[in-house]
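First, one chain by itself in structure tokens, the form predicted on its own.
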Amino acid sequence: MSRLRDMLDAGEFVITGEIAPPHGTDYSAMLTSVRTLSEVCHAINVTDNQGATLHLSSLAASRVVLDNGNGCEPIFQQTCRDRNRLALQSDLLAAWTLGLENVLVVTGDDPRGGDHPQAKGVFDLDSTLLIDATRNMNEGKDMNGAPLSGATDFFIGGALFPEAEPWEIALERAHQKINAGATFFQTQAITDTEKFARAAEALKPTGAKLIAGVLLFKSPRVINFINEKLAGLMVPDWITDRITSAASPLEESIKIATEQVRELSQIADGVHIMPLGSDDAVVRIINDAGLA
């Protein structure tokens, strides 16, 4: 039984972190990250070829987290970019067989922005269809309706962008994912708490749980990358000004994240902190926000 699901169902505030598997087979650095994050996190997202760049598979890395997380669970990530419906369903069956219970379904970044720009994006399914296929597996059947010899019982999540405009379209997509089987959302980085509150209020009647994304804007270079490369996300001036004028941008980004976590903890069902490799900062943020 997923501890993450149990906590959210019980109304407990959850903390999730994020790691990227290695670009190779040596996962010793990843293990160090897991041990650090597991001090304060209840679950850790294991990204799936994040940013359309080559990494060890989320499937294998999630199992490593399960074995070494000291009770901190992996959230197995599946993107629609790299596999067709046969491979996606096969990997989901493998994940359940390996003991992975939490799955986050996302579309995936365009491969032209990654380290293999010549790669062909598959996108046989979109994220809503893959969520629906995952729910079918929980009901003991594949996406054609054929019975499986052994069902899954995944805790299914999707991505949400509460600051998207027009919001009505993003809200409709969220409802489609919920109707397909998503029961929790992890959001993109929040920079406007009022817009997050708008999303929380709109989705409250559905019972879906919202885990607010908090990104460590740790340097002007990171801010420039977000503004130039991440579609739909622009870092607001108040964050850019604080980071660019700070004597230590990393320290200032930790202060900003701590303030966000304090504020979002009054609205969200949890926070999802994306440390961009600064894992120790997650422990400080959670402690300084009074959530440890």
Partner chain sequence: MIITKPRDWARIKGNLEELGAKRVFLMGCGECATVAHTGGHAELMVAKSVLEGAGYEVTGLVVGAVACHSGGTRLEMRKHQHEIDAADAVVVLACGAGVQTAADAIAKPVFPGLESAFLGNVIRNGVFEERCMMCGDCVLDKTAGICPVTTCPKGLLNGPCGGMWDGMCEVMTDRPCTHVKIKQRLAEQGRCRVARIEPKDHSAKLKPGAVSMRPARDAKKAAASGEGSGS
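Positions refer to the first chain, counted from 1. Treat the numbers as computed from the prediction; the structure is a model and nothing was measured.
There is also a form predicted in complex with the partner chain; it is not shown, and the following applies to it.
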Just to confirm the contact call: exactly one of 89 to 97, 145 to 153, 119 to 127, 208 to 216 touches the partner chain in the predicted complex at a 4.5 Å heavy atom cutoff, so which is it? 119 to 127
Counting any non-hydrogen atom inside 4.5 Å, which residue from E201, E165, D115, D192 sits next to the partner chain in the predicted complex? E165
Residue (of L54, A29, A60, M234) lying close to the partner chain in the predicted complex, criterion heavy atoms within 4.5 Å: M234
Exercise: D132 in contact with the partner chain in the predicted complex, heavy atom 4.5 Å: yes
Classify R83 as contacting or not contacting the partner chain in the predicted complex by the rule of any non-hydrogen atom within 4.5 angstroms, answering yes or no. no
Might G108 be said to contact the partner chain in the predicted complex, defining contact as any heavy atom within 4.5 Å? yes
Residue contact check: Q188 to the partner chain in the predicted complex, 4.5 Å heavy atom: yes
Quick one: name the residues from 238 to 271 with any non-hydrogen atom within 4.5 angstroms of the partner chain in the predicted complex. none
